[in-house]
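Quick setup: one chain, the form predicted alone, written in structure tokens, and binding and motion questions come after.
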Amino acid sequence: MSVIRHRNRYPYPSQRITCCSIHSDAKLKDPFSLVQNDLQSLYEDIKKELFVSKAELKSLCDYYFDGKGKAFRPMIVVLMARACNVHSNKEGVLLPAQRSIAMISEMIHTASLVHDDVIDDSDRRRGKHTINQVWGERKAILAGDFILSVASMALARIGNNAVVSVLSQVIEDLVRGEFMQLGSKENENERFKHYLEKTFKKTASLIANSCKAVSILVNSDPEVHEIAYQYGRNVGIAFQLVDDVLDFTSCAKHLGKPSAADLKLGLATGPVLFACQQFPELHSMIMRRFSTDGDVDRAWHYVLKSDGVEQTNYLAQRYCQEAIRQISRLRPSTERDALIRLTEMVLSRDK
């Protein structure tokens, strides 16, 4: 099947959009510098939330909140909050509750990483040993649960039922997405749909619903809530698609984890699913989750010989184009332009 036919099988926006075509100054806005002050003490504030007197539990909870993370999700949340504030005829000043949502999103994300590492028996995360490797699986699970419980309490303190409902959906999606990842679909068309839905639940739901939550705090218009949600959804899916590509194209040093990690876990991501079109031999490997000796190496070479990486990158571009289309409906602001710029950074990242 040709690349063009393959691309047209899925309903993505056909309009080609670039960052520059939306706003001539978009490239000049650096998302990280715009939120630097807002996020300066983010990890210290999170550690204060997680404060416990028991030294070992404190060490477990603080382990990933060492200030060395990219804070990608809190950055998007703060930028979206400010963009929505400007759009709503208010100053772009960040509300305390909006900053709390940025903290909560990072806590939920980190708790999910702790649990994922247990499920996957991972030994490396962010360039260092995983919590389950250092303290053991049981304590890692409890630490993840504790981080989630503290995030839930912080969420309750915001005192907005709509926000609580929206962010509670994230935790449900994370669990459902993990269950989806444990299964496979025999039908090829169902398999790709399954993959994209799993990608949304495990990665994009947190970004989408966090963006929606900060918009709810400042604007009662459901259309604005939907813009924020759709921006987060599309950027989140694009982010994971690029991550899946990097598993084939980036070295372990850049990723902070071994490359081909997904294949070793038995997971068929975008590059593999696209490669199936040129190498049908991959179908049987996918169904047995690359469990036979030599499957991982053979699948790796098939993917690199195919245009699976190229097509997954193309798909990520389409999601970013839709994210730009959505966010461009908000009133112009420095933060809105930074969110446009962020889509380019998502596509060009190498780790």
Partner chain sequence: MAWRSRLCCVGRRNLSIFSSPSPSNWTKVVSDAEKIVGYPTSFMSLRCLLSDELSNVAMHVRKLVGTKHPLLNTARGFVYDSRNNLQMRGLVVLLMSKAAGPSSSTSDPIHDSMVSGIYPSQRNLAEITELIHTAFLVHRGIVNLKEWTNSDGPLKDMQFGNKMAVLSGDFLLANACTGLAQLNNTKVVELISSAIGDVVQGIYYDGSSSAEEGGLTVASWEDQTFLSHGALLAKSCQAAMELAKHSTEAQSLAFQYGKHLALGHKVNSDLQPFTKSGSEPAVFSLDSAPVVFHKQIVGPERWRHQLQQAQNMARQIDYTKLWGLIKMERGVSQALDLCSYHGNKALEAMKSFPPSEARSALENMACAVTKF
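The structure presented is a predicted model; accordingly, all values stated were derived computationally and were not measured. Positions refer to the first chain, counted from 1.
Below, we turn to the form predicted together with its partner chain, even though it does not appear here.
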Any non-hydrogen atom of residue 219 within 4.5 angstroms of its partner chain in the predicted bound form: no
Does residue 68 reach its partner chain in the predicted bound form, with heavy atoms at most 4.5 Å apart? no
Can you tell me if residue 121 lies within 4.5 angstroms of its partner chain in the predicted bound form, counting non-hydrogen atoms only? yes
Would you check, heavy atoms only and a 4.5 Å threshold, whether residue 54 touches its partner chain in the predicted bound form? yes
Looking at its partner chain in the predicted bound form, is some heavy atom of each of 60, 157 and 171 within 4.5 Å of it? yes
Specify the contacting stretch among 69 to 77, 91 to 99, 235 to 243, 161 to 169, defined as having any heavy atom within 4.5 Å of its partner chain in the predicted bound form. 161 to 169
Contact assignment for its partner chain in the predicted bound form, among 142, 196, 260, 113, heavy atom within 4.5 Å: 142
Of 264, 191, 126, 176, the only residue with a heavy atom within 4.5 Å of its partner chain in the predicted bound form is 176
